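Let's start with one chain on its own, the form predicted on its own, as structure tokens.
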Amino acid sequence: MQKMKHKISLLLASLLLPFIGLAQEMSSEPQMADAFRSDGKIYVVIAVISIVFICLIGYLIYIDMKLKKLENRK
């Protein structure tokens, strides 16, 4: 269980690492983001991306747990 927590934290850290460099370049925002923000659709885009990301992470964890169960059975 400790090994799985380590894998998850390493995965999250590696996924968030590219955003550190992007935070410094926020002065040149794309015009599409401004249009979505003014229409209020940016929240829908963020919600859909978040749901897809959470489902993908959940599926990967589920597959990892099933694989560990198969490995322990042999």
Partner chain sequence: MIKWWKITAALLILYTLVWGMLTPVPHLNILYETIRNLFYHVPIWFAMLFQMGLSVVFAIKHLSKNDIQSDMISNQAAQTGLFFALPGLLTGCMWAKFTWGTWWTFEDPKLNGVAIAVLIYLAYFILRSSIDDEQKRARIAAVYNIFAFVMMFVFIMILPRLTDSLHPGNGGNPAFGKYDLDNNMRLVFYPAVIGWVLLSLWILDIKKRLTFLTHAKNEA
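What you see is a predicted model; the values in this text were computed from it and never measured. Numbering follows the first chain given and starts at 1.
This next part talks about the form predicted together with its partner chain, which is not shown.
- Proximity to its partner chain in the predicted complex holds for none of 4, 9 and 13, with the criterion being a heavy atom within 4.5 Å.
- Heavy atoms of residue 49 reach within 4.5 Å of its partner chain in the predicted complex, making it an interface residue.
- Using a 4.5 angstroms limit between non-hydrogen atoms, residue 35 is distant from its partner chain in the predicted complex.
- If you take 50-73 and check each residue for a heavy atom within 4.5 Å of its partner chain in the predicted complex, you get 50, 53, 54, 57, 60, 61, 63, 64, 65, 67, 68, 70, 71, in sequence order.
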